[in-house]
Every structure is written in structure tokens, then in C-alpha cells.
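Okay, so here's just one chain, in C-alpha cells, the form predicted on its own.
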């Protein structure tokens, strides 16, 4: 199967490309910097600059992972615009590609994020939970609506609301691990906010699961079955690294430093993969201590 991937040179995309190759599939990656992207991808991956550049290949599936990092710097109006455009623009390209193909791809698996739900406190959050209306929700809602337009071309659309993706070599651990190794780690605010997480192996597994299961569409929570609070995450990370984690970052300091973006750090959702488990997806890593021990042992 030929699988067109936007964001294929990113943290999830790199692992996805390798798993696709191992399974006998052909990854076709879209990147604004093809030469740079090729350096981080297996030699078998074909990399081109635009979605439309792959029209002749006739991909049978699309995985849409592209988007500018959201948890970096203050959310100025310019930053918000860039966050929206980086997601909506490439998703629109993928959807328009489907509408122009004589034989459109059978499926579009498109990324969204846990931010879809906004601040949910400590309640259980499934795909049926009513979201809290704030910028992160509005961003994800527009992103998902754009992806769903592909249904009008007869494409099955599955959307993954992704939690914090954990593995060595990237993602949120690449930013937090050095601080914790210095013994400077600690909880954010009071640490009561939930942090839905998922090991990168399971994240890639979910994508492959949705590519193969033609009976599955709509939104799916992409997180492990056992979300933890920030305080629990901090304690487990410190334990895995054999370092103390006792230096909290006060909520006021985070609000002063990051403004509205600090909501991503100080609020959360106890997101549960209800639909994935109902569909029979089997997790390799269900518990945080298991995932972190595997990551730092490797």
C-alpha cells in the first residue's frame, strides 16, 4: 500500500515510516524541506515538497500529521494565526487532493489533539465528552472539520486526538529530561491537572490499526488507558531517571512567562481511549512506569 504522509519527518512520522516499510508498504512523505527530511528517514521513503506532487503515485491512504508545535512561546495573535494555518492549510491540501483523484485514497487518518476537549478537570473524558470552549478547542475543531470534508469524496476519515507522545529522541521528553537529569524537575502549578500520554509505539500502532480497519471512522482518543496527573507524571519521571523532582514551577510564574499558552501546562483532561479499546486495539504500554522504564532502559 502507498501511504502519503504529511509531517512524515516529525517525531511520530519517522517511526511510522519505518513501521510501514517493515510491513511492506511504501511511505510517500510531504515536506517543505525535502533534502533535510530525507536525512532523518529510511532510504526507501520518497519525499516531495507538496501533496499534489504525488498525484501520479495514486496513494491508497493519507496520514495527516503536520502542524507547528503548539506549546512553544506565548500565544500572540501572529502565533495563533500560524498555529491555525499550519494545520488547516496542509489538511486542506490533503482533502483537495482526494477530490481531484480519479481513484481517491480509501482513508484519511488525520491528527487532532487532546486540546480539543479544553480544561476538563478530573472527570473522565471520552470521545462523547462536551468540550470546554477555549483557543485549543477552537483550533482542533477547525482542524477536524477540515479533515472531515474528505468524506464528500468517498474517503473514510478517522481522527486521532493525540495526547503527549513519549519515547526517546523527541517529543515532550526531549525537553523535560535534561532538566530532570539535573535534579531541577518538578510539578507544574499544583500538579493536579491530568496529562494524557501515549508511548510512540502505541501511537504508530493506532495509526496502522485505523488504516487497516475499514469499519472505523470518526474521532478517537489517542492516549494510554491510564492517564496521570502532572504530579504523578513528575514523580514517575524522576523515579525513572533516579533524580529528585521537587522543584515546582509556580502557576503564577508560568502565567507571567507564557500568558494564555500557560493553560496547556496548568489545565488538562483525563482522556480515555474508549473507542479504541471498544474496537479491540491492544496497547503495548498501558501504564506510565512501564513506558518510562522501557524508554530509559533502551
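As the structure is a prediction and not an experimental result, all values here were calculated from the model. Numbering follows the first chain given and starts at 1.
Quick note: we don't show the form predicted in complex with a small molecule, though the next part is all about it.
Residue contact with the small molecule in the predicted complex: residue 189 places no heavy atom within 4.5 Å of it.
In the predicted complex, residue 259 stays away from the small molecule, with no heavy atom inside 4.5 Å. Shown alone here, residue 143 lies within 4.5 Å of the small molecule in the predicted complex, counting heavy atoms only. The closest heavy atom approach of residue 276 to the small molecule in the predicted complex falls outside 4.5 Å. Residue-level contacts in the predicted complex: of 66, 264, 45, 61, one residue has a heavy atom within 4.5 Å of the small molecule, and it is 66. Checking 164, 159, 206, 150 against the small molecule in the predicted complex, a heavy atom within 4.5 Å turns up for just one residue: 164.
Look at 209-217, 79-87, 98-106, 127-135: in the predicted complex, residues with non-hydrogen atoms within 4.5 angstroms of the small molecule sit in 79-87.
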